[in-house]
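Same chain, two versions here, written out as structure tokens and called structure 1 and structure 2.
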Structure 1
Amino acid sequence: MRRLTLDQAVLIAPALAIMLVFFAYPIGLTVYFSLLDYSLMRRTKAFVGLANYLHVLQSDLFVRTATNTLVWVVISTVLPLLIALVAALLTYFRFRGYRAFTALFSLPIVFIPSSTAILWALMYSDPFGLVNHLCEAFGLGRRIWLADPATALPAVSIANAWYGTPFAYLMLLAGLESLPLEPIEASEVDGASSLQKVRYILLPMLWPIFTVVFLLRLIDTVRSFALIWIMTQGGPGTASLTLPVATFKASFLQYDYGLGSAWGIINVIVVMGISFAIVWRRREVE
């Protein structure tokens, strides 16, 4: 094994120190807190081992939170990726006005999660929100979208999908633009239609890039907190409670740092597990 020279060690030392201070130390401290009965409300700080994890995993709240997180992830990941893929393919074939379309379609990427949450909360509001006006125009009834347990989570997920679509679109469009032209030109010589070029040439070549974009979007969705907190705070009740929101509530509203740390570590394990599964599956396919 090749050993680092003194000059190389000096060069990587600042980056390593930053990783230790801002990454390894917080995670280690969180793991330590998760093994404690550490509550400011009860004024306790005693070692309890895995009791916090068992308490979380055996509770009905975890089942509800895990289910909400799954719905949140599916809508917020699959929907923007499908829309972004179609939009990127249309842009790739240079339809008339594609430059203006690219600029307008990418506009949501300039928003921050808090402004996106406020914008969509106003759109869902009753009686002035745009969503209810559209529902009324199409003969559908008005609803209080964010206060109804049946619609709160899908409504917030759609807002998150809108926010995440431009990033996926630009990444997939860049991937399409970087593909080699020889197979596409050869298919044109053979008389392939646009749909045939998409199905048999573009999509197979784009698949590795699509997997990376999917993984990035998935991780961002699982750990996202600001948008759903501003719009519903996990409510009404637990209708839109996800793992990051449950972590925040346990830690900073109930001041139970031990239980909140356990929620946080479980969230990290879920993200890492999904990421490793996708990467492993991609290697098997390749």
Structure 2
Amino acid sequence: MRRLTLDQAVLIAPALAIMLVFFAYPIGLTVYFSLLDYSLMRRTKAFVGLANYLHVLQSDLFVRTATNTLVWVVISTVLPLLIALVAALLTYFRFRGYRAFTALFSLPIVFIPSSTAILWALMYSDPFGLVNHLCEAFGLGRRIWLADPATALPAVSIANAWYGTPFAYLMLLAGLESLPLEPIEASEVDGASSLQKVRYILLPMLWPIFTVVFLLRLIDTVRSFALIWIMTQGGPGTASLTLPVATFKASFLQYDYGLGSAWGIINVIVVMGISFAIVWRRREVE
């Protein structure tokens, strides 16, 4: 059957209808609006071609946002992946109580993004935060972490790293457990130490899976909005403004739908670039 039969079309229809009305049509609108000078404040709605894109890409705000996004992405990708890798390798060797460890170490997944934001805002808060208590105890002095332009972005990135660690851990652990056992058993016969097994067998075999987990995590952090928005709203000033937050602010705070849509499409282009890398990488893995 090379063609879709009528029955099959009927079965696909509900899902397709929802996606057409609430995805395809709105994304069409985004593309259209991005070509308009469309602002509620200036009461304009006129075709301007690619002017919005040029405006965004040439602005200082874009440079700032791109740099922030890079910092946000690097911290909230590299940190959880490294921590998760260590945890997954340790769990793989099944130390005593590894099941309890898995359950406890994965606990952050039970928190929704809003709760995560509250947990970490509390950690960083000024009279009552644990981070400040610790800093004081070590003689470093207290700070208003989330309201200080120098620390706001790293602080929210670390919160995001915390939130992402269990996901990376569980995926890497699953990856390790799916590896063939023969090379490891052979190395045991040769008397390899645990570190040698990790260095010469497990890590090289895990590498393809690791890169897929890395790329998925990359997409999730590039497009993530909730945590930054709830904790700092991109501030203070523009100190923690990332691509999605800038997009949201342009449309919903400045009511400039033309610029907001252009920001939105720029988001899409960035994420699609990474998606293609994933699809291409997956093909290599499989």
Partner chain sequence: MKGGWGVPLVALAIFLLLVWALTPVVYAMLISLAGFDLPTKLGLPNDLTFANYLDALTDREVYRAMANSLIIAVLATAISTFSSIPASYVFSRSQSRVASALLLLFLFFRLFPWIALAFPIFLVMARFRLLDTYLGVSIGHTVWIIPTAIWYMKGFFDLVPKELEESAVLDGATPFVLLTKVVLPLAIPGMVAVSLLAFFSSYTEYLYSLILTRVHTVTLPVLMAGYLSEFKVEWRKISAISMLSTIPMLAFYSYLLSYMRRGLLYGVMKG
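Whichever C-alpha set is largest while still superposing within 1.5 Å between the two forms counts as the rigid core. Throughout, residue numbering runs from 1 along the sequence of structure 1. All values reported here derive from a predicted model rather than from experimental measurement.
Of the two forms shown, the form predicted together with the partner chain is structure 2.
In a rigid-core overlay of the protein, L70 has its C-alpha displaced by under 2 Å between the two structures. For G237, the Cα coordinates differ by under 2 angstroms between the two structures after the core has been superposed.
With the core held fixed, the Cα of I27 is displaced between the two structures by 2 Å or more.
Taking the core as reference, the C-alpha deviation of S275 between the two structures is 3.6 Å. Taking the core as reference, the C-alpha deviation of L16 between the two structures is 4.7 Å.
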